[in-house]
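Given as C-alpha cells, the chain that follows is alone and in the form predicted on its own.
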C-alpha cells in the first residue's frame, strides 16, 4: 500500500508516477522493471520513490488491486445493463463489458499478464497471484449472493463450492476457450490489440452467451418458481469492495 506521502502529492503528480510505472511494467515486465529507470523517466528522485512505496512489489500490487480495479469499476458503472434484463442478463452484460475493458487497456493487460496467467513463475508474483485469486473468488461469492437476494439464483447451493465453480467457469473456462480459439489467454489477447481485433464483438457475444446459458441452467431457479424481485442488475461497487486494497488518505 502506498505511504501517506504519496497521497499528499497532487492528483496530477500521482497520476504521472502511476502512468510512468504502468508503461515501465508493460514494456519491461515485472522481473525487468527497474526503479532507477522508472524514476528517471518520471523525473523524480530515487529517494522519493521509497517515500511513496516500500518497493517494486508494493507499487505493482497497488496498481493491480487498486488502480486496475478502480478503473474497471468506473468502466462498468458507466456502461450499466438495460433495466429489466434480469440477473443473468446483467451477468452477460458484465462479462462482455469486462472483456471490453480489458481490450481497452493493452498496457495494463501487458503489465499484469505474469500475475494473471495460470503460472506466475516468480515467488513474489505467486503470492500476489494467490491474493488476487482470493479477491476474485470473494467477488464471485458476492455475485451469487446478489442473485439469491433477487430470487433468481438457487438457494440450495453450497455457496463456497458455487463460488469456486463459478470462478472456474468464467475465469479459467474462458481462458481455455480463448486459448483454443485464438491461441492465447484473454489477458494475453488484451495485450495485443492487432490480434484482439480478430476477435470481434460477435465472437465475444457468442462465447459469453454459451457461458451465461450454462450458468443459467446451473444456478437459475427452476422454471415457474416465483422470483423474490422482478428486477435484476448487479451492484458493481459491492463486487469491487471485496478487494483487499483501499484508496489512501
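Positions refer to the first chain, counted from 1. Just so it is clear, the structure is predicted and the values come from calculations on it, not from any experiment.
Another form, the form predicted in complex with the DNA, is not on view; read the next lines as being about it.
The partner is not drawn, yet in the predicted bound form one stretch among 179-187, 51-59, 211-219, 194-202 has residues with heavy atoms inside 4.5 Å of the DNA: 51-59. Although the partner is absent here, residue 34 lies within 4.5 Å of the DNA in the predicted bound form, judged by heavy atoms. In the predicted bound form, no heavy atom of residue 206 sits within 4.5 Å of the DNA. Of the heavy atoms in residue 14, none are within 4.5 Å of the DNA in the predicted bound form. The DNA is not shown here, but in the predicted bound form it comes within 4.5 Å of a heavy atom of residue 28. Taking the DNA as positioned in the predicted bound form, the residues of 1-22 that bring a heavy atom within 4.5 Å of it are, in sequence order, 5, 8, 9, 13.
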